[in-house]
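There is one chain below, alone, in structure tokens, taken in the form predicted alone.
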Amino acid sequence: MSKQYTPTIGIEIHVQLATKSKMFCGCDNNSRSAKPNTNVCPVCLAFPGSLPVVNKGAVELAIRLGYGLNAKIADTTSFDRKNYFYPDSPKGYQITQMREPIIGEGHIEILVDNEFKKVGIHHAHLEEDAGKSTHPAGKDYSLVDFNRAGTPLVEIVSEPDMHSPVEAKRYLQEIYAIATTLGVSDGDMEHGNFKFDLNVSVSDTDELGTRTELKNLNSFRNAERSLKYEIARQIEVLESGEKIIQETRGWNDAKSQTVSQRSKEEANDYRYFPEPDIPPINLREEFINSVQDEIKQTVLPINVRRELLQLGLNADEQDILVGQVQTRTIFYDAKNSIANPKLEKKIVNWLVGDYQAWKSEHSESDSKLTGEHLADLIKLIEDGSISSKTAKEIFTDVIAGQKPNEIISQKGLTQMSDDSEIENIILAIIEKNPQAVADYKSGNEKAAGFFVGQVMAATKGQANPGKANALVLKLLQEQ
């Protein structure tokens, strides 16, 4: 009989900060469109005699993030040198924080199977990123671009509190949502704004097993897939009587498997020591409070989830509103504008349905949809001014920034709700279709649907469908 193994997962997340300049110099922090090795200076290239200066904006964003992580901000924080040689590190060391990180212990909550679970944050620290190495296919050399060297990062280190790939995925999504909601990071995962390393072990006892580290992932989907594979691999190794080797592994997406890269280094391999060129930073309480006061009115993602859970949304629907900052803003603006709790689910339905369908074919930057306009559209449906069908037909114009009332007025789409006007149309249709009347009278109730369809066609969809159906039944029974 196979043993019962418990996975244990801890995660290190590297969040690129949304500052204008790099961590220790004035170079532009956005190098996406820059030619290789053009966004550099003596400081980030580590020229002799150049000295780093801490970016105040990076410190402020780290303090913001600490608020979202329910963590204590250090009174005094300092930097250290992490020594290692790699071609994309121009200094031969990395400026990071080990002894006195800026963000101390904290926690976040994640929602798994409709239950909230707390995951501890060990700490989070400021550091700089390295450059980027590329390896041209078929060539016997590599190229290094130092544009990213010196990019400001916060590395968030979790406690090993997760025990399934789903929990790990939810944790990553929650941290991502916190960082983007608070304006800490642009969150562009394709360009390296949010990367993570996954530490995982399995054990059939209370003792933790030997862990492996899955390095440099940038996809929530692949995080879950790689953990499922690695957990199964480790169990298979242990079941065969062998031992797990502590190592760094990578995820091969094409083969859907993890692959060994190198043996795992320990902290003493990096010969940490205090950074001599940067003095410790004392953070006054009033400075910390002033930074965090700017964001205290921001609704944190987990509180959005609490509301959406009450509305009956499943996890995938929640992810849309939690993960898309612009969509979430539209939701809250519409909710405040409509001021009717009974209609909140209708707001969600538009945003997770029709709006996502539009976004799948367009760039979000082209959207001019506002919460106020979406609320107006829903109100028009509810008071019978337009049908749901008409609302869907004009939704693209509403997304383009037009007011629903103006669209309806310009196109003459106001729903017909006058009973006498609709009755006259129905009577005319009844007179032209005696056979359909006879069918209905003989018990074929589907014939009523024919008349409703004729009414909608005759009014070009402007008749109130509910009224049309009720009046059709009433007039047919009088025949």
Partner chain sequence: MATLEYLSIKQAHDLLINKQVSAKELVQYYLDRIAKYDDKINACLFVRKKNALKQAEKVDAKIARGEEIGLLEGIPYTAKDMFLTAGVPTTAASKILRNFIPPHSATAINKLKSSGAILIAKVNQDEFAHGGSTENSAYKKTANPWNKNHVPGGSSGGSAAAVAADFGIFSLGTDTGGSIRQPASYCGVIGFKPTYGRVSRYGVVAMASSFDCIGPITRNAEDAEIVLHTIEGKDSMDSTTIESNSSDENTIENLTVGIAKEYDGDSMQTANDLLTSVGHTVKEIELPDSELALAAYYVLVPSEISSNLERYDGIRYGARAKATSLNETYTKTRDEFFGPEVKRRNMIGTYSLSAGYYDAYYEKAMQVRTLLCKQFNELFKMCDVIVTPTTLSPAFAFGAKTDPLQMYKEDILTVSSNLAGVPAISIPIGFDEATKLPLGLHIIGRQGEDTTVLALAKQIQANSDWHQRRPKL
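Numbering follows the first chain given and starts at 1. Small disclaimer: the values here were computed from a predicted structure and weren't measured.
This protein has a second form, the form predicted in complex with its partner chain, left out of what is shown; the following refers to that one.
Novice: So its partner chain isn't shown here. In the model of the complex, which residue out of P136, G312, G401, P279 has a non-hydrogen atom within 4.5 Å of it?
Specialist: Looking at the other structure, the residue within range turns out to be P279.
Novice: Could you work out which of R284, R271, K342, K118 is the residue within 4.5 angstroms of its partner chain in the model of the complex, going by heavy atoms?
Specialist: Selected option: R271.
Novice: Can you tell me if A46 lies within 4.5 angstroms of its partner chain in the model of the complex, counting non-hydrogen atoms only?
Specialist: The answer is yes: A46 has a heavy atom within 4.5 Å of its partner chain.
Novice: So, P52 and its partner chain: in the model of the complex, are they within 4.5 Å at any heavy atom pair?
Specialist: P52: contacts its partner chain in the model of the complex.
Novice: Classify K215 as contacting or not contacting its partner chain in the model of the complex by the rule of any non-hydrogen atom within 4.5 angstroms, answering yes or no.
Specialist: Contact check for K215: no, nothing within 4.5 Å of its partner chain in the model of the complex.
Novice: Quick one: does R81 come within 4.5 Å of its partner chain in the model of the complex, counting heavy atoms only?
Specialist: Result yes; R81 sits at the interface with its partner chain in the model of the complex.
Novice: Tell me, please, which stretch of 284 to 292, 118 to 126, 86 to 94, 385 to 393 lies within 4.5 angstroms of its partner chain in the model of the complex when heavy atoms are compared?
Specialist: One stretch meets the cut-off, namely 86 to 94.
Novice: Going by its partner chain in the model of the complex, which residues of 135 to 151 come within 4.5 Å of it through any heavy atom?
Specialist: The one in contact is F146.
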